[in-house]
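What follows is a single chain, given as C-alpha cells, in the form predicted alone.
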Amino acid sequence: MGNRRKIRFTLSELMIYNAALEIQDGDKVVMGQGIPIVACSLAKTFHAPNAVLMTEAGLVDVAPFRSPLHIADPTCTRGYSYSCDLMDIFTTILNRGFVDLCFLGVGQIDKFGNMNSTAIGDYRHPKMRMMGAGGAPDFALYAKRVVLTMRGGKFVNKLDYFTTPGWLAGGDSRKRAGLPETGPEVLISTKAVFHFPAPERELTLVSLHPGVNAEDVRKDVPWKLKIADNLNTTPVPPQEAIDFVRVFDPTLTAGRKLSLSLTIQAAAKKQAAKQKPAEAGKAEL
C-alpha cells in the first residue's frame, strides 16, 4: 500500500470531478460550455447513466464524446433522443419544472448567491464587458437545483450589475418576492466548495481543496465568512475520472495558459515543417 503512486490532477480536473458528484442518476440536466458539459459527461459515464443531458439550444438526451464547439453543436455527440429549439427548452422544459439541475458560471457573486455576468465597473463605461445574462436568470429561477462554478470570478459586497437572482437578501426573501423557492445550492471555486444552507441561505464554506487553508479563502471574501462546523477536504478525482477528462477535453484539463502554449508550439512546428520542403527545393536549384 505504501508504494501506491500518488494521483496527480489539475485544478480543472478537481472542479470537474466535484461538479460531476452533484449529478444524481436520473437527473435532467441543462449543460453549459466548459466545466459543466465535461462534468455531466463524466457523471453519465461513471455514476449517473440515466441522467438526461440537454443543451440550452435544444439537443435533448445527448451522448457527448467531446466538448461542443458551441451550444448548438450536434457534432459533439453520438446521438440524441430529439432536437427542439432554444425556445422549447425554456418554455416547455425549464419553466414547467422539468429541469432538475443546471450549472452557471460566476463573474461576481455576493453572500446570498446573487450574480453578475454582465459588466465589471460602471455599466455604460465598464472595465470589462462579460458574456451577459443569456439564460442564466431563467435557469436560476426555475431549475430545481443550481450549481455554480467560479474560475476567475470575485466575491463582492455589492454587485456592479445585478444579472441573476440567487437568494436575494437571504432567508425567505426570495419567497416574499414571489420567486420560486429554489436557488443556488453549491459553489465550486478554485480554492473551495461552498453551500447556501437554510434558513439564512448565506454562503458557507464547507470544504477546502487540497493544499488550501481557510485563511486563503477568507482573503478573497470581503465579509465575515461563515464556515461549517465540520470543514472537509474536497474529494480528489480518482485516476479513471482524470483519464476520462483528459481524453474528453484535453484543452480544458490542461488550463488556459498551458493550452495556449501548446497551441503556439504546435503551430510553430507545423509552420517549420512546411518551410523545410521549400528550403530543400531552393537548395537543389
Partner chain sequence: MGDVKVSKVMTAADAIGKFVPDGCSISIANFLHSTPFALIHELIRQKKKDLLVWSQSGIEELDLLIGAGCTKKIITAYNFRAGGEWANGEFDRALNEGRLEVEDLSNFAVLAMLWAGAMGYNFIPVLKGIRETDIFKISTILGGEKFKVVKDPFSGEDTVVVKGANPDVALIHVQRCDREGNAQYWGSIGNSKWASLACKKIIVSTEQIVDHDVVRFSPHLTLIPGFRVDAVVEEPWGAHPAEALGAYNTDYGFRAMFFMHNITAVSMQSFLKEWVYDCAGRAEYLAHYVERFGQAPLSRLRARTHPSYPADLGSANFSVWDERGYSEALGMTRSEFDQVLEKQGEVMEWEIEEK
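Residue numbers count along the first chain shown, from 1. This one's a predicted model, so the numbers in the text were calculated from it and none came from an experiment.
The form predicted together with its partner chain exists for this protein as well; it is not shown, and the discussion that follows is about that form.
K.L.:
Pick from 196-204, 82-90, 103-111, 183-191: which stretch has a heavy atom within 4.5 Å of its partner chain in the predicted complex?
P.N.:
Careful reading of the contacts points to 82-90.
K.L.:
Any of the heavy atoms of H70 lying within 4.5 Å of its partner chain in the predicted complex?
P.N.:
So H70 counts as contacting its partner chain.
K.L.:
With the cut-off set at 4.5 Å between non-hydrogen atoms, does N95 touch its partner chain in the predicted complex?
P.N.:
Yes, N95 sits close enough to its partner chain in the predicted complex that at least one of its heavy atoms falls within 4.5 Å.
K.L.:
Can you work out whether Y142 and its partner chain are in contact in the predicted complex, taking contact to mean some heavy atom pair no more than 4.5 Å apart?
P.N.:
So Y142 counts as contacting its partner chain.
K.L.:
Whether K270 contacts its partner chain in the predicted complex should be assessed with a 4.5 Å heavy atom distance threshold; does it?
P.N.:
Yes, contact at 4.5 Å.
K.L.:
Determine the residues of 117-150 with a heavy atom within 4.5 Å of its partner chain in the predicted complex and present them in sequence order; the list may be empty.
P.N.:
The stretch 117-150, when checked against its partner chain in the predicted complex, contributes T118, Y123, R124, H125, P126, K127, M128, R129, M130, M131, G132, A133, G134, G135, P137, D138, L141, Y142 at the 4.5 Å heavy-atom cut-off.
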